[in-house]
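What follows are structure tokens for two forms of the same protein chain, given separately as structure 1 and structure 2.
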Structure 1
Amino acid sequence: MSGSEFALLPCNGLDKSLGQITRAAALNACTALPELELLCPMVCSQDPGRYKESAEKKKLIVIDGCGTRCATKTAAALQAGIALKLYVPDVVKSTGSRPEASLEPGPGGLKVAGEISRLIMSHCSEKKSEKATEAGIEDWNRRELDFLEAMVDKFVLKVPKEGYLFNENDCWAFVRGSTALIGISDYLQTRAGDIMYVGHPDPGKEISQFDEAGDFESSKSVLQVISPVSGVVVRINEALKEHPELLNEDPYRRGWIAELRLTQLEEDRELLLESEAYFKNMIDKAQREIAGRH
């Protein structure tokens, strides 16, 4: 967890009980995240140039103690972009706590301050996690693959030698810890022809094994993506919206369609094929299809 990308601006109402809660919350967060820069609200108001570089380079988190929203107004004067805005009365409602009226926060005020600092730390952590995940996907897209290959009619059909699990519907899953990327096989994209549109499943949707997990449209037909695994959609491949041709060009890497948080992988495995078994199955299927045309 790191707060190096962020700066924190609490309100300057230190003569009010809610203002003291913002102070306590800010100190908690900065103690937990030493790289999180704390901006003094009084200095911001009197000498905004002192924080000019931070305002330009960092994402700002503001904590407003009351309806005057002095922290938000100060951020506007700094011309800083606000990444997260916290309002103490809202947190009071969400916690059900009753802050004391005194300037020294009691148990109720400290509970609210603790929740605010937790929200700040969670926000910083989520942003770091998102970046790490994006970097992980980019590495995955660029990795080298070894293939099993077969010429069927005029087409060279490929299956990665390891790491992929296939269902009988020519869709694959690649397990990455508690999640799996899913996509379609080289055989299926070849059958489809030039793919012009990809429809994704909705993020957050729960999908069972063999449920539809999107579709794609080619010059020949509209086909469904049949999920090899059960799980909840946590990510979709946004690149396919503008570049559906990636399904044709690189079906086992950049053409992944969605990422699912797995819910019953061991049970799902019983109905999936590893690479060599799917390769043989695919060749038989392709040869039968070719024979049927003649």
Structure 2
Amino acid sequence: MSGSEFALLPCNGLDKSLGQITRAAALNACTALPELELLCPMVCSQDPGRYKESAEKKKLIVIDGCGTRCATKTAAALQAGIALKLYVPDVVKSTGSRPEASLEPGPGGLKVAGEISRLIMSHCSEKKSEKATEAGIEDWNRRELDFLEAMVDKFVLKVPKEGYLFNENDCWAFVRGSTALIGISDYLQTRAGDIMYVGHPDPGKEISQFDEAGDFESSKSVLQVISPVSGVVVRINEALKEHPELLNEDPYRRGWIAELRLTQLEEDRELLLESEAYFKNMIDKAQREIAGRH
């Protein structure tokens, strides 16, 4: 097990109980993996040049104690890609622990800290599978697409002219036989801004239409992928782990998020839109949003 490829950036929430859990988890992980570089969030903010080389060469693991997401925002300021993001409230829920409200973590808080450090160690020791060229995906990624385009405010928003089905949550499905690739629309990636992290659904997970099928995070916000179709996750786009920016650059091709084995497409179609209808819906939404800002 080695942590030399990774750097760990915890939040600095020393005034909050969940921040203290973050601190304990980071210390646990760095004790277990001495080669894991620990980045001080204060130094990152005050003297970011100190960690320039680490930000360029290493994969970053961030731990956010609360919804303020200081660690994620600090990573954005460093322009570092995030390989793993841990959010303490999520781990609290997954462990079923009840952390104490005090600044000194008690048994509940320490259990959460232990689980976070275990997740970090597990991630650092994962054997990365070779990037196998999945059948058909590379060709799919390179297809030519014709777009419907609209200029709203200063943004050009695109929707592929055919082949895609959308829900009104700005997510798409592209049906390929008995499976569908899913992803987010150009409008949603534009709203999010620079995407720094993509959370995939778990392979094997059964998802119903309009269930969450992952999430993604920019320096501005955390947004959910709301699945347009029902199905079982058969694979995820591993490329997004290292290149989340593909969601911004190419949301309809290389930015696909997951592939689902479809379970009730005909029923799901009732609440899906084809390109022209979604295009109109998207422009209405974008114009309302712009009007609301002025």
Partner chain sequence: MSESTFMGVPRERIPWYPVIDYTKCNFCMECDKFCPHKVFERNEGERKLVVKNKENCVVFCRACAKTCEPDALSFPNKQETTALIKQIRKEEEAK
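All values derive from a computational prediction rather than experimental measurement. Definition used throughout: the rigid core is the maximal C-alpha set that superposes within 1.5 Å between two forms. The first residue in the sequence of structure 1 is number 1, and each one after it adds one.
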Open item on the list: Structure 1 or structure 2: which matches the form predicted in complex with its partner chain?
Closed with: 2
Open item on the list: So that I can tell if residue 271 moves, could you say whether its C-alpha shifts by at least 2 Å between structure 1 and structure 2 after the core superposition?
Closed with: no
Open item on the list: With both forms fitted on the core, check whether the Cα of residue 196 differs by 2 Å or more between structure 1 and structure 2.
Closed with: no
Task: Threshold 2 Å Cα movement between structure 1 and structure 2 for residue 37, core superposed - done: yes
Task: Angstrom shift of the Cα atom of residue 74 between structure 1 and structure 2 (superposition on rigid core) - done: 54.1
